[in-house]
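Just the one chain here, the form predicted on its own, laid out as structure tokens.
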Amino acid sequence: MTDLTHPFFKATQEVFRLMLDLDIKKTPPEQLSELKNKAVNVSIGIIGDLEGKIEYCIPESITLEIVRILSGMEMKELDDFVTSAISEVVNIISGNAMTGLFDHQVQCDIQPPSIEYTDTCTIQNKSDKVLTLETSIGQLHVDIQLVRKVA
């Protein structure tokens, strides 16, 4: 089986570059200081050859900046517009990652995103497949909690 983190890294990298004009790079998980702030946790269910979910933990400041870049409007709080916009960005990343998995003969679909607000954005060791990503506007992480479906 392919490295599950690579399709998600590649999809995040492409979406951030195309939609936000931002580059991302992987960073060691121990450098998560900025993620100890209020955050938005967007969870996407996955069904198919792999099952589970993907959790994107995005600090509030980065969420607001992403939506500002996309909309051109200054955002000050996590309202319905902001959460809808960030959900769409995560949906696009996850859909693109599914295309990347399909290229490796792994067929999966995404389910609608669910959003939760958290006081901190710590890795909770739910999986060993965590991407910690650095951008010029801050850090975020992607926790890939997938297992192969048993036939």
Partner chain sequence: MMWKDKYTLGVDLIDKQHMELFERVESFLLVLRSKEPWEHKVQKVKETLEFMKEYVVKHFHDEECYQRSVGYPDCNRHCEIHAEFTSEVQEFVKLFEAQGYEEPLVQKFAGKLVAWLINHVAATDQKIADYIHRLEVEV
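Note that the structure is predicted; figures quoted are calculated from it, not measured. Numbering follows the first chain given and starts at 1.
Keep in mind the form predicted together with the partner chain is missing from the figure; the text below concerns it.
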Practice task
Among 39-47, 54-62, 100-108, 86-94, mark the stretch whose residues have heavy atoms within 4.5 Å of the partner chain in the predicted bound form.
Solution key: 86-94
Exercise for the section: Classify Asp23 as contacting or not contacting the partner chain in the predicted bound form by the rule of any non-hydrogen atom within 4.5 angstroms, answering yes or no. Expected result: no
Exercise for the section: Examine Met19 and determine whether its closest non-hydrogen atom to the partner chain in the predicted bound form is within 4.5 angstroms. Expected result: yes
